[in-house]
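A single chain comes next, written as structure tokens; it is the form predicted on its own.
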């Protein structure tokens, strides 16, 4: 009886068109053939990609607004471990996949402990690497707060995701789209959010060093909230960390509301009647 050969596996099926669409991926590698295959697959999937033959600075990676980075450590050279640690430390929301030649267990463990999401050994199939990228990005997105489509009331503020707006009664806060996204993000969280985390969640990429955009938007939001709901304080600063959203009565306003009314002095009585 003849026996079918099982050593030849069928080519993997193509990923759905939506799998990596709208993602930004950079590949740091010097293998032109491998880079071309990846570029073709990324293009077919609608994924924005950059092919780099030398390591980009962390600042350049920030400016690229990446979702994932594929890195061949041999391209970096002796500073590869320091480079990997800097990238993972500065860009915690970036999916980092090390795709390099044969390595020892100690090297793979070290890379993963420095922050890499996955380690793929060359030679590898481009489709396998793409699946690893997709899985790593998916894991990062699971840490994002879920989008809530129903209205919610916090303090005096009613947040309406369907209208991209917030209200006190019938009065709108007149929020811009970005202001609303920040309010919704803070309101959905029950903890302090770092400035870098707010920026990454709302703007969609890592915050550049010295960027004060989050602080500027928080200041504008506080002004709008105070104007329409002066009895409550909503956004609280945790110095050196970030911001927390929780409705708390303003003590000065509360004290004024409960202060006993002072009787106004009446008109003076005529001397004859005051005796």
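Numbering follows the first chain given and starts at 1. If you're wondering where the values come from, they're calculated on a predicted model, not measured in any experiment. Rigid core here is just the name for the largest C-alpha set that superposes within 1.5 Å across the two forms.
Quick note: we don't show the form predicted in complex with the DNA, though the next part is all about it.
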property: Partner-facing stretch of 66-74, 211-219, 46-54, 27-35, counted where any non-hydrogen atom is within 4.5 angstroms of the DNA in the predicted complex; result: 211-219
property: One residue of 178, 139, 113, 125 in contact with the DNA, assessed in the predicted complex (non-hydrogen atom, 4.5 angstroms); result: 178
property: Candidate from 160, 195, 108, 86 lying within 4.5 Å of the DNA in the predicted complex - any heavy atom; result: 195
property: Contact test in the predicted complex: residue 243 vs the DNA, heavy atoms, 4.5 Å; result: yes
property: Partner contact for residue 40 in the predicted complex: the DNA, 4.5 angstroms, heavy atom; result: no
property: Heavy atom of residue 81 within 4.5 Å of the DNA in the predicted complex; result: no
property: Partner contacts in the predicted complex for 223-241 (non-hydrogen atom within 4.5 angstroms of the DNA); result: 237, 238, 239, 240, 241
property: Is_shifted residue 44 between the shown form and the other one (CA, 2 Å cut-off, rigid core); result: no
property: Large Cα move at residue 196 between the shown form and the other one, threshold 2 Å, rigid core; result: yes
property: Yes/no, residue 211 Cα shift of 2 Å or more between the shown form and the other one with rigid core fixed; result: yes
property: Cα distance between residue 92 and residue 238, which in the predicted complex differs by 3 Å or more from this form, closer or farther; result: farther
property: Shift in CA distance, residue 192 and residue 87, in the predicted complex relative to the form shown here, given it is 3 Å or more; result: farther
